[in-house]
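Below sits a lone chain in structure tokens, taken as the form predicted on its own.
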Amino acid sequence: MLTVKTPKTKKAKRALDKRAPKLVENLKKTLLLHGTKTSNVLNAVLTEIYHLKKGSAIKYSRKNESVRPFESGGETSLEFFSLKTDCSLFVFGSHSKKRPNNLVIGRTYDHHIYDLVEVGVENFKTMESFSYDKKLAPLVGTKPFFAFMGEGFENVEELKHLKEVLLDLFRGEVVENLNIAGLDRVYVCTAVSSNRVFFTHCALRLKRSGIVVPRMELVEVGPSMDFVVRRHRLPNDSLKKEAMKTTTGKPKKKEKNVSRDVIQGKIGKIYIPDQQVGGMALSNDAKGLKRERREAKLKNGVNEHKSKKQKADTE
């Protein structure tokens, strides 16, 4: 039987709690890996992706001979690295004569391979090859826009899958509210053909438009490249159904001393501590004391009048 190891220190317990399933998941981290053989183009591509995802990416520089996506037994090491680094996304680069400048982008569920997309990189340009005003350079951690142009993203199965993976790869942390001043970048993806996508990274320049929403201009800041879709693998229906489970909303915190009834509705209990009335010191100016004195005075006056009358009658 398998032994279940419990954390012995508070630090280990906190680390396990961070990896535990949550209603609102943490920011997805990306693992960048090299294959047995890579090219200068692939090394530059992985470096550029690492800079674009700075703060939420882990890059390995060593060659990994045992990692072979799309092959049986070649994904075990990849799942081990995903569990070790707590990364749910990965980008694997390899180069061969059959598949030059090959890039495999994939997602994991419970640290097991969920889906894979294999693309070839062509016409690559680095960030340094673009000249622009450095004041427009996007800041680290800002939220991006996405622009997908072309009917292929709606009709072609491979491009639809690539769109989902790219959105997951570059969207960053999911937030509810945004400041428009923090939107300073756009990822533009253009479907050139049924298996080719032009990918570029642009900065946003905000200008006055006379209305609340400013006019936006795009300035290409790089990197840019062509993705040629080669292979892809979708998740099976049962795994997809399990991974897409969601809840209706955040669980409500339990309210103490509050119950709900079908007829009376919300019922609450209020606990009041015992009041020590007998031991309270009352001032002489209290209205109750004045009233008692007044009543006592009137009573004494009536009694005196009765006694005088009785004396007069006896005389």
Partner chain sequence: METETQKYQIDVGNLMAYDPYHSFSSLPQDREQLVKECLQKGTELVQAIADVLFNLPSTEDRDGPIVQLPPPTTRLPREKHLPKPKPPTKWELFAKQKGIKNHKKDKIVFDEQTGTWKRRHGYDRVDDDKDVPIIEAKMTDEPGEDPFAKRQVEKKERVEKQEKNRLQNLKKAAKVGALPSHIQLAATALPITGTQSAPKKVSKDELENVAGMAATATASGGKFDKKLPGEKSAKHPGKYRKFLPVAEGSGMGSQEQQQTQKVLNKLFAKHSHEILDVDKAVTMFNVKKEKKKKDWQGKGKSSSMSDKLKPKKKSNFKAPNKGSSKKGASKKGSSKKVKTK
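Note that the structure is a prediction, hence the values are computed from the model and not measured. Take the two forms, find the largest set of C-alpha atoms that superpose within 1.5 Å, and that set is the rigid core. Positions refer to the first chain, counted from 1.
Keep in mind that the form predicted together with the partner chain is not shown, yet the notes after this line are about it.
Visitor: Select from the listed residues Leu136, Met127, Val188, Leu234 the one whose heavy atoms reach within 4.5 Å of the partner chain in the predicted complex.
Guide: Exactly one residue meets the criterion: Val188.
Visitor: Flag Phe80 as yes or no: does it have a non-hydrogen atom within 4.5 angstroms of any non-hydrogen atom of the partner chain in the predicted complex?
Guide: So Phe80 does not count as contacting the partner chain.
Visitor: Quick check on Ser238: any heavy atom within 4.5 Å of the partner chain in the predicted complex?
Guide: Outside the cut-off, so no.
Visitor: How about Lys299 - does it come within 4.5 Å of the partner chain in the predicted complex, if we only consider non-hydrogen atoms?
Guide: No, Lys299 sits far enough from the partner chain in the predicted complex that none of its heavy atoms falls within 4.5 Å.
Visitor: Examine Val229 and determine whether its closest non-hydrogen atom to the partner chain in the predicted complex is within 4.5 angstroms.
Guide: Close contact is absent here: in the predicted complex, Val229 is far from the partner chain, nothing within 4.5 Å, heavy atoms only.
Visitor: Quick one: name the residues from 174 to 188 with any non-hydrogen atom within 4.5 angstroms of the partner chain in the predicted complex.
Guide: Heavy-atom contacts within 4.5 Å come from Val174, Val175, Glu176, Asn177, Leu178, Asn179, Ile180, Ala181, Leu183, Val186, Val188.
Visitor: Look at Asn257 and decide if its Cα position differs by 2 Å or more between the shown form and the other one after superposing on the rigid core.
Guide: Yes, the C-alpha moves 2 Å or more.
Visitor: Answer yes if the Cα of Arg62 shifts by 2 angstroms or more between the shown form and the other one on a rigid-core superposition, and no otherwise.
Guide: After core superposition, the C-alpha of Arg62 moves less than 2 Å between the shown form and the other one.
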